[in-house]
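The chain below stands alone, shown as structure tokens; this is the form predicted on its own.
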Amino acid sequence: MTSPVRHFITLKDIPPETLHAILNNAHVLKQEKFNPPQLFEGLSLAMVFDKRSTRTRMSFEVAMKQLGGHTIVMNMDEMQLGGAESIESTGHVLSRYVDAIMLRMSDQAMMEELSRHSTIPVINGMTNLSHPCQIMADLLTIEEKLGAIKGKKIAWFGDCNNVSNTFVEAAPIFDFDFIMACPEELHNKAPKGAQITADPAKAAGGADVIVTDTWVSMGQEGKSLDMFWPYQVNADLMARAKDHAIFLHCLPMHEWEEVTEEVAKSKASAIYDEAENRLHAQKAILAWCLEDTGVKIT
């Protein structure tokens, strides 16, 4: 009997022990960044985009190539997906050409449907609903800076979005405390079970990690920012966190809206380590997804 295809779409669909192993392997692969093992020799990754991308495009392409593989990149308007060809047919065709598919797209449901018709792994590079690769990179960064993630307090400030949704999903899996500080009128946007407050000072108190994201995601241009200013990450907010607290932001930033320049350029800021760690986390994710082809991290 064939084993199930190893899709990486939502964290909740992957066994906790597997996610912990992927995170551990990300640490190993980062240690080998200057002598990367050729794990993916002869393997190909299709990368499909319907959103602009810097970090997702660069990190997945470099991850695949550093480990010996190949990539092909297409925008949605370059292919028949969503046009003349069905999602089902696209999944079958891509499964005959490449060894895995990474999608960065708006529609989570479309991605999940494509995965049901693909006999190769489908990886969620980002949707409007979730961003699991980013969270794995964030956890890698936190462990590098502060040690084991278990028991840490992570505080989120600003809007409810795909990154905060995935942090909520990750918290019970990795056993950390996650609290969101958001305007009260947005609390109904938070995932079920989220710990949420309208008081930014309460959220920041005793935090190990302070996290924010842009208040204006792609497609939300022109959105009013008035409700978000009390949730700007600034020096006063950072002072309420623990002395060793770090600041994370998945980038790009809207300078200087959701975070002040003082914080973004402070010693507490780990935003560029976090950006680099997309590369190493995704190497480990790809290695797990492609394990059935014979890939193995020793």
Ligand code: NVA
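Here the structure is a predicted model, which means the values were calculated and not measured. Start at 1 with the first residue shown and count on from there.
As for the form predicted in complex with norvaline (NVA), it is not shown, yet the points below apply to it.
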{"query": "Listed residue (C250, L29, V233, L45) with a non-hydrogen atom within 4.5 angstroms of norvaline (NVA) in the predicted bound form", "finding": "C250"}
{"query": "Contacting member of A204, M126, A170, V122, with respect to norvaline (NVA) in the predicted bound form [4.5 Å, heavy atom]", "finding": "M126"}
{"query": "Contact test in the predicted bound form: S217 vs norvaline (NVA), heavy atoms, 4.5 Å", "finding": "yes"}
{"query": "Non-hydrogen atom contact V163 with norvaline (NVA) in the predicted bound form at 4.5 angstroms", "finding": "yes"}
{"query": "Listed range touching norvaline (NVA), judged in the predicted bound form by heavy atoms within 4.5 Å, from 106 to 114, 207 to 215, 173 to 181, 87 to 95", "finding": "207 to 215"}
